[in-house]
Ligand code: BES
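Take a look at this single chain in structure tokens; it is the form predicted on its own.
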């Protein structure tokens, strides 16, 4: 979509649709007030009140646009970036329902360029790769957006927001894709394509993993047709700084549960179990594109947790790159194993000063927080503060959970640690397990099992794959760069 800021509303060219925002009342929300008999009649009737997310479609006579969409923003004193995202998502959906491609927008008098444009950009997405005869029913994506009542100084910010949304769409494409297509091999291919002068990509294949002693990742992936791999994407935006952030994302390209086979209903969404890996790779690529003054490395351990004669086994013990041995009490608790090995590898070889890991880990966190909130576990008040600040600005919700001393439940009689410790406090015990491999480095763990792949489209997430966490991580990295 091409986005243009224009200062001359009266001289605008023809378009498919004009979005006209109103505060609740209704009261015009933009500097330019659009007048027509149809609008006056609608407002006088009381059928449109300007409530948050409310839309009304009009077909005016003799206007530059074929249609008008009146958009309710709700009460002005309650407006914030997230409410604007959701409201303008509703406007974008109204435009899509009429297959509009060329859009005019009157920008509201508000303080959040981000909220308005993220609502539009994030909604302007469709996953059509797997459609056949029903392709004609897919949403039509926007080709041009002309914005009025906005200073041209915001053009660079809009361009960055659009580039960020494109990175979100990249994650969505991978998450929504067939597991037979989005394999560890595909991840390696996508990562290699990211390499630029400022972004170094390193691939550890199975032979290299075995040589380095990355035994947990190898074990999880040994039952699959595709070999496991570990992808490193390194960006040095502040070469004189000693600070080095490690982002680690879970990359299970399909999770059968292994020998602890999942029930069919629980397996339906398991092509999404690589969302964390896609997110950290996209975050480092975007950090490099933006030239952020920060040193950051993404590690994406990728594997398929398949079932077969070579699957790793219950009761067996496998050794991590850290040297710790792990007794497998449940092969469906594989995500923590590959994250632990990736973190331990990073601590051993990259000397990070802080670590953030994320992935679709536990059903327990969904029971606790639902689909719109991720759980945050951390041993660092500074990291918690910055992640919570990033969450507030992006609308990607996190809730800090406790790290109570339940480590006794992970005790093993034959190994250093067991990979599960009972059903109670399942998300916390997962975090406690991962913490054992952080080497004391300040660390945060984000369990995004809820918002990473939602049960049905909602707000500005038009497909089940959301791309959740990318904007959160970029804001977090920007905060670190500012320090």
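Bear in mind the structure is a predicted one, so any value in this text is a computation, not a measurement. Residue numbers count along the first chain shown, from 1.
In what follows, reference is made to the form predicted in complex with this ligand, a form of this protein that is not presented.
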Residue among 113, 167, 218, 364 with a heavy atom within 4.5 Å of this ligand in the predicted complex: 364
Of the residues 82, 332, 227, 102, which one places a heavy atom within 4.5 Å of this ligand in the predicted complex? 332
Is residue 253 a contact residue for this ligand in the predicted complex, using a 4.5 Å heavy atom cut-off? no
Does residue 270 reach this ligand in the predicted complex if we count a contact as any heavy atom within 4.5 Å? yes
May I ask you to check whether residue 262 falls inside a 4.5 Å heavy atom distance of this ligand in the predicted complex? yes
Taking this ligand as it sits in the predicted complex, is residue 69 near enough to touch it, meaning that at least one heavy atom pair lies within 4.5 angstroms? no
Just one of 407 to 415, 333 to 341, 194 to 202, 141 to 149 has heavy atoms within 4.5 Å of this ligand in the predicted complex; which? 333 to 341
Of 441 to 459, which residues get within 4.5 Å of this ligand in the predicted complex if you count heavy atoms? 449
